[in-house]
Ligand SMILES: Cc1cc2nc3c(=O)[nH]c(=O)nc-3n(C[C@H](O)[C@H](O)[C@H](O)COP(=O)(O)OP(=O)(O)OC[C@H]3O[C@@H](n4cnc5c(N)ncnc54)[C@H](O)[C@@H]3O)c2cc1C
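Coming up is one lone chain in structure tokens, specifically the form predicted on its own.
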Amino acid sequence: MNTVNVVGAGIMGLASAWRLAQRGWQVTVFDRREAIREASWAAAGMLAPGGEIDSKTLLSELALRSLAMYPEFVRDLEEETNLTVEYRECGATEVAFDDAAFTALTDKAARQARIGIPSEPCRYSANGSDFPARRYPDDAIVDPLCVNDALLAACRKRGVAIREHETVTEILAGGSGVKTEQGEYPSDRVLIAAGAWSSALLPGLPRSWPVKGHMLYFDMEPGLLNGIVRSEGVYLLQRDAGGVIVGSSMEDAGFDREIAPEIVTDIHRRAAKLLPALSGVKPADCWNGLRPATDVGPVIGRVDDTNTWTAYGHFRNGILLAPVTSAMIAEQFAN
């Protein structure tokens, strides 16, 4: 049986491990912490090319492919694990609060239409006034915690070994295995899926670094939001049980994890413009995550002619891009 060591137990590492195990690979996953405790855990779960992309790039092509794959991805996980994954094809509304924002939104929508992201004009009500907006019917929502739980269960069912709190310190020559503080683990191939930590594992990889983002949670009654709502760099979505997720900041702060009260206050203020019911409500929780950024977009595929592959650098779209990334890795490993 062919063996692969996967470095990183986030959504990319676990989704790839699951798909490889389905194809008969013997998979071991290593993580410096417990599984799913970095960017994949911190995410809101927007599957929203309409909010992220406005030009034709590799990222746009991957995002649209992956969005189309999501229903089957969720069905496969649910069938494999008998767990329910909260997933809704609910659309998104992007609001313009002034003329400049409306012009920018209209121009963006025209660019998006040319690359296959549809939208239509609409109105949005807040604080007793109506504002111009655009509706993105294809955007969707998934609960990352549900996906994470299902991926862990699916991996374990397929016999994937998950070695938590075991930091990989070195990729062995040519991708012949990994080295940790506990020893060396030979394998036929290695997949680096360690998020913002990825490029430090192998010289010559495109540089990865963390971009910090604060998130807020409000304990609310169900039914306040039908889908994603966004404007002025803030977005809101609501879980089936009622919790409202609000994000997010973009901070070049290295690997710092401190919560900044002033950033939380600013996000809360902007969110309340979109959903006035939040104005007098204190967040029930706040946290931050470290998104894996690069200068080149997602880094997916084989490293030169070695037996090392990569799946990192998905930045703000890791949850969205998990289906297409894991499929690409599985297909490349089959060749």
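Residues carry their position along the shown sequence, with the first being 1. Every value quoted in this text rests on a predicted model; they were computed, and no experiment measured them.
What follows is about the form predicted in complex with the named molecule, which we do not show.
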Subject >> Candidate from Asp76, Glu166, Glu251, Asp149 lying within 4.5 Å of the named molecule in the predicted bound form - any heavy atom >> reply: Glu166
**OP:** Identify, from the list Ile267, Ile300, Leu274, Met46, the residue with a heavy atom within 4.5 Å of the named molecule in the predicted bound form.
**Re:** Met46
Original post:
Among 302-310, 276-284, 32-40, 60-68, which stretch sits within 4.5 Å of the named molecule in the predicted bound form, heavy atoms only?
Top reply: 32-40
Original post:
Any chance Gly10, Leu290 and Ile319 all have a heavy atom within 4.5 Å of the named molecule in the predicted bound form?
Top reply: yes
**OP:** Report yes if any heavy atom of Gly195 sits within 4.5 Å of a heavy atom of the named molecule in the predicted bound form; otherwise report no.
**Re:** yes
Original post:
Do Tyr136 and the named molecule share at least one heavy atom pair within 4.5 Å in the predicted bound form?
Top reply: no
Original post:
Using heavy atoms and a 4.5 Å limit, would one call Leu202 a contact residue for the named molecule in the predicted bound form?
Top reply: no
Original post:
Is Met215 close enough to the named molecule in the predicted bound form to count, meaning some heavy atom within 4.5 Å?
Top reply: yes
